[in-house]
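One chain comes next, on its own, written as structure tokens: the form predicted alone.
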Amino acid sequence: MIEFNSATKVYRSLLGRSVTAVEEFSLQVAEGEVFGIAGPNGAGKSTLISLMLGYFRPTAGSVSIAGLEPRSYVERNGIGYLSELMTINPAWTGEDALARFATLAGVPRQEVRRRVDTVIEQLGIAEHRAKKIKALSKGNLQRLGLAQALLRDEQVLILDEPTHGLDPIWTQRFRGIVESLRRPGRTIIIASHNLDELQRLADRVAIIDRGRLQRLVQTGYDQATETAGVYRLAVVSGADCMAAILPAATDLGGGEFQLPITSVAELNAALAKAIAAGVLVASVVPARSVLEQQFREAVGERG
């Protein structure tokens, strides 16, 4: 669906200076996939999005969507897009803004009201529809931005930092919205600093740094993959036996332990050993998700 083929983007100033924002970037994103983009500040995420939207053309290589140049695809089909920073006339009401966005997006005149009502309900902003933009909180403005991205039933959605400013309740609801938007023919791109959200939502995540693809991470857990990780165990009883049962575990106090493992199979074997010895385990959680672990390995402390 979306393909980068050795794409490079170089910015040149009037003084002749040049900055390479994206370099030799190759990647394919399939139809029906929820795909994440993660990287430290200045890694090239915004440039990748601009290339996908057709705002820029690559200096070298190519970018295509469904076999078309991005600008041609957007002009023919449209793309649902939420920018990281939204600037809306502060004197407009939320309802008025959505109606204007729908008109600009090409929603038929007779359908505008229905589509506006639908996304207002979907994003839970009915009580704010008549408020002026300047009166909206950061979180409600973000929900309004999400609403405008969903005004048309687009086959490609690009969401840049979609949970920025959302409270925990709406962050959880956003996950449900993304799941409801999944369909075989739709591609959803989510660029975010929130690795936990990408771990939960995305099928795969591209980790980029210094304009290059560093890693492509499958977010699920694979028992056949030897992936080093650290888990936190909380035990109700038997803490005094843990040192003898699992020598590699670090006692964090209060019945909590940190256990390094190399695979899911090793984790289960360790838990079975502890339980068989009479340890009562209350919880087991990864100290870092698969994605966070890979991110730290790929970009180090720059992330």
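Here the structure is a predicted model, which means the values were calculated and not measured. In this text, residue numbers run from 1 along the sequence as written.
In what follows, reference is made to the form predicted in complex with ligand ADP, a form of this protein that is not presented.
Participant: Given ligand ADP in the predicted bound form, answer whether the residues Y11, V19 and G44 all have a heavy atom inside 4.5 Å of it.
Facilitator: Spot residues vs ligand ADP: full contact, yes.
Participant: Which one of G61, G238, P40, G54 is close to ligand ADP in the predicted bound form, taking close to mean a heavy atom within 4.5 Å?
Facilitator: Result of the distance check: P40.
Participant: Choose one stretch from 23-31, 46-54, 245-253, 262-270: the one whose residues place a heavy atom within 4.5 angstroms of ligand ADP in the predicted bound form.
Facilitator: Stretch 46-54 is the one.
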